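First come two forms of one protein chain, each written alone as structure tokens, so that there is a structure 1 and a structure 2.
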Structure 1
């Protein structure tokens, strides 16, 4: 149950009711507890757009480098750019940006439509499907596998690694992970290293037009990616790109079904697709929380934060901040000037933001064009992703009526 307005404020991100609808609590937090640090809690939560933007834009004070969580060894956490601060981050970002270019993504758009078309046709042939299994889950894996240059026959293995790698994202900030999960993550990294060693050698000898070849060749001021950095980069792209995009597509369909007028408007005016995807990102942000570690003692809105403390920026709350968005709790696919923080902000701004948006547009474009109607099969609550970092359903059973 969400406590009443006069009850003492409590925010427990593990609580299921809170996870299903955190927005009233976020609104109260923005008003009454913009910096929330209950006694004894290992972390500080912040909820206002301006505070979150200020934290995310200042990597000198708010570091992305975290000490290994309990049970992990330093070598378990490869030095990916997500967990690196400038200047090391700047170098890694420069290298990946040479290979992961807007041109490459634009070139892939027709292929994304084609893959979405195949998946939607297969779903329509079945009529009743789990949309996650049929479309939102396979699409990003196939796309990213093709971008990297993974042979089609290795895709299932590839998805397994991605799932294992992302399994408990965020929960590590709240306590130790069970040893078997740590062991699983260790195994994934070793398996990926063995697998990619062979592929990297191949690309060194015979470069192709894929991301792997680009990463092997990328060079900034005479510096290249080491093999460990390359593995860390690929693992990061998998972890950061697959499940998040799956989530975005799922959340888009969930919100369109919950807002039939928006669904009808989008069917009538497909040119609203790009804005609709932006609104889903704001309204139902796939990544709800973005953590930082205080590199030195600092102040947020008069609240002292000690060096080493962890600050959780609740992006899902920033994206409903009434000082930035008019009618923040309205789902409005015609919204203009949608400055949401769903892809983060500052130096770590999402590398795959435009890829994710274009992919989600492709999925929705094809799904809407090929169906006359889309219905939930029942009103049962949809199963939630195990990690509270995500706002995601893991299954979305639907009945699809062909156009």
Structure 2
């Protein structure tokens, strides 16, 4: 239960009630505790849009490179561009960015629509489905697997690894993980490395028209990816390429069902799809938090943060900041100038932002065109993603009525 305004302020990101509706607490934090660092807390949380944007744009003060968490070894954390700073980050991003330009993503749009059609038709044949299982999970997995060049028969394994890779995301900043969870993370990483090692060797012998072949051959100013960097890049693209998009599609359907007027407007005016997806990203951001490490002592709103301290930027709060967004708690699919931070900001702005948005549009376009109505099976609370970093449900039982 969310405490009243006169109760002492507490923010526990693991608390289920907070995870289901963090927004009253976020609003109170922006008013009363924009920088929240209670005595003994392992991290500092920041909640206001301007502060978060300033942190995310400044990699010299706010680093993305973190020491290994307790229980982990350096080799457990391959050299991913997610946890590097410029200039190393700039080099790694340059080697993969050409595969994710808006122009390249637009070329994939017909294939995305084709996959969405197949999945929605199969769901309609069943009538009652879990939308996560039927559409919001398989669409991004198939798309990113085809982009990378993963054989179709390996997709289920691919998804298992992805789920395991993110189940504890964020928890390491709050304290050590249990040894069995560390062992599981290590096992998954080794399995993925062994799998990709075989694929990489195959592409070296027989290149194809896929991202994996491009990464094997990639060269920018004479700087190829090392094998460890290549593996880290593939793991990152695998996880980021499906987890956040699965969540975005699910959140879009959840919010449209919770706002029937918006759902009716979108059915009547499909040209609002792009704006609707942007509003879902703002209103129900798939990624709620983005961490940084203070590379040097700094000041945020009069609060001193020492070098080495971890700062959590709560994107879900920034995207409801009343100083930036009019009527921030209204779900408005016609909203203009939607400057949300759902994909981050600055040098680590999400490389796959265009891919995620266009996939979500494809899923919604086909789902709404092929159904007369979509309804929740019941009003039971939906199961939450295991990591508090994600605002996501892992199951969404629906009844679909064909158009």
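Just so you know, these numbers come straight off a predicted model, no measurement behind them. We call the rigid core the largest set of C-alpha positions that still match within 1.5 Å between the two forms. Residue numbers count along the first chain shown, from 1.
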- prompt: Two forms of the same chain appear here; which of them is the form predicted alone?
  reply: 2
message: Is residue 104 displaced by at least 2 Å at its C-alpha between structure 1 and structure 2 when the rigid core is overlaid?
response: yes
